[in-house]
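Next comes just one chain, in structure tokens: the form predicted alone.
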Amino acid sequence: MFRNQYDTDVTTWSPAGRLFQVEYAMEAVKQGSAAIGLRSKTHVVLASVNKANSELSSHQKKIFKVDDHIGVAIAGLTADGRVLSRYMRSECINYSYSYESKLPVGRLVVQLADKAQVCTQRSWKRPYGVGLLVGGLDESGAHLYYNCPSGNYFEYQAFAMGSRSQAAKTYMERKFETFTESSRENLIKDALFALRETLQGEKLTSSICTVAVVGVDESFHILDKETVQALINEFEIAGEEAPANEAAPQDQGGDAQAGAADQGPTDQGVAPMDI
């Protein structure tokens, strides 16, 4: 994307009917660290890559707990993600205080989308430069939603966003039919396999990824590093690396253009703002 005379204000339309400031915010999501989500009938798993900018620094959190039954994974500007996750916590607390019950996941997602949409319609605001994967469990079952900076939201069986996420999408598109009946362990396994696809050959370890789970009779919580590393070792020892190896040629062929687009901005560096 290049700067033009129609991108100086979020409320200025281009002749082609586009809002460039909103598109730039969506581009920030594509340049962020990869985050994925999967759901079955009883569980939702969120996973993210959380590499540190420097060997001397710690990584930024990419997965946040909103309530006992809801969690969120982010890709894009981390600061915007923290603000929105704090807003979601506030809404859950207010609902629980007023109605003495848990806020339905779908209602929270709609409120979040409305908040994001306002920023696309006010000249003194800017769109939030972050995409959110909202996973949760309520009376109607397990849910996984993607909230876009444009104010749109979509419900998914599985989804990936961020840098080099197309490789993870390719893996999940081949396997998604089995997700509905998957057990908790198998869902985590598929999440780790999909996350590894975004690393493009780099070894997956617990130090560069975060995994969180919520399910029936299981509150939302982030798995500790020892548990994640044990799962990674278990899957590798069992010789279950075949799916990832099979996916590599397809990703390099059919997704070459998407991979190049995702890798380009990352290689150029986005140091001023942690994404």
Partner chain sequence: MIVDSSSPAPAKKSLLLSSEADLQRTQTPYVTGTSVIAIKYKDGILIAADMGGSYGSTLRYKNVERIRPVGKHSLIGASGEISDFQEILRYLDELILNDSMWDDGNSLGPKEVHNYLTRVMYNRRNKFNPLWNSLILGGVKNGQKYLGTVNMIGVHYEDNHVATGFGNHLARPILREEWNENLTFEEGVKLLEKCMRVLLYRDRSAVNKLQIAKITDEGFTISQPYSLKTQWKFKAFENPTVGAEGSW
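Numbering follows the first chain given and starts at 1. Computed from a predicted structure; not experimentally measured.
Absent from the display: the form predicted in complex with the partner chain. The rest refers to it.
Check for me whether the partner chain, as it appears in the model of the complex, comes within 4.5 angstroms of all of Q121, S150 and F154 - heavy atoms only. Spot residues vs the partner chain: no contact at all.
Taking 4.5 Å between heavy atoms as the contact cutoff, choose which of S90, S101, S183, T205 touches the partner chain in the model of the complex. Of S90, S101, S183, T205, the residue with a heavy atom within 4.5 Å of the partner chain in the model of the complex is S101.
So in the model of the complex, is the partner chain close enough to A79 to count as touching (4.5 Å, heavy atoms)? No.
Does the 4.5 Å heavy atom contact test between K125 and the partner chain in the model of the complex come out positive? Result no; K125 lies far from the partner chain in the model of the complex.
Does the partner chain come within 4.5 Å of any heavy atom of V83 in the model of the complex? No - in the model of the complex, heavy atoms of V83 and the partner chain never come within 4.5 Å of each other.
Can you tell me whether Q111 touches the partner chain? I mean in the model of the complex, with a 4.5 angstroms heavy atom cut-off. Result yes; Q111 sits at the interface with the partner chain in the model of the complex.
Quick one: which of 191-199, 136-144, 164-172, 71-79 gets within 4.5 Å of the partner chain in the model of the complex, going by heavy atoms? Heavy-atom contact with the partner occurs in 136-144.
Out of 75-95, which residues reach within 4.5 Å of the partner chain in the model of the complex, heavy atoms considered? Only a single residue, Y95, comes within 4.5 Å of the partner.
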